[in-house]
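The chain below stands alone, shown as structure tokens; this is the form predicted alone.
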């Protein structure tokens, strides 16, 4: 078991399941509705807990009823919340999710009116007891400062960064990472300014040239995932064949957790990609994250 610190946001997800995705200006009836705790970093922490690790989450919470739901869910999985920063009078971030019953796709409208996690709060964390640090690539300036603090205080502890959205300056978070986890949407956004980065292989080769000591991995939904090792060799794992797709919400976060788990276990890149694609595929066949590891076995 490893001790892992994850830094990022928590949300309250309100999920409406519809028979098929509605057209603009339509009025449709949801066949089901669920309220769940969400957020990239928190989802990754919950999966890592189920994989046998002890996770601590660093992020902000409001003091409202939604945060009570978020806390209760994280506590149910055993995620430590000592590093949480509570914002008095704040409002919890909320994601309104339309889940298409036909193919499991999810469309998200996110509302946030809560300050991001602060450098001041991060500096209060004792990092010496952790084996791995994982950062959600958001709040770029503050997160960059947190990475600098982590490298100064605990230079031997490896860290990973999720590069999901094309935020301004997000590339500054890549320096010194042991592992960088790119999303398909981020790689495709790079194509807008550089035609040579339109596919995962070309993108990863370019990143490996820039940062040769970092492991670079890119998930690509139904096409599986690609990675490049420190020798520049590109590896690919196909997506798991699924009997049906129920819910893709959180599949990317599950993939990231499985990759971190594989790195902590010392698995080679090929095995890491295979195991992560399998677990992410398992997530797509079920609602939520509960019992995902037991179901896979």
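Owing to the predicted nature of the structure, the values given are computational and were not obtained by experimental measurement. Residue numbers count along the first chain shown, from 1.
Here the subject shifts to the form predicted in complex with beta-D-fructofuranose, a form of this protein not shown in this document.
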For this session: Could you tell me which one of 62, 262, 249, 58 places a heavy atom within 4.5 Å of beta-D-fructofuranose in the predicted complex?
Result: 249
For this session: Tell me the stretch among 65 to 73, 32 to 40, 264 to 272, 50 to 58 that has any heavy atom within 4.5 angstroms of beta-D-fructofuranose in the predicted complex.
Result: 32 to 40
Exercise. Quick one: is residue 165 in contact with beta-D-fructofuranose in the predicted complex, heavy atoms, 4.5 Å cut-off?
Worked result: yes
Exercise. Taking 4.5 angstroms as the cut-off for heavy atoms, does residue 95 touch beta-D-fructofuranose in the predicted complex?
Worked result: yes
For this session: Give a yes/no on whether residue 108 approaches beta-D-fructofuranose to within 4.5 Å in the predicted complex, heavy atoms considered.
Result: yes
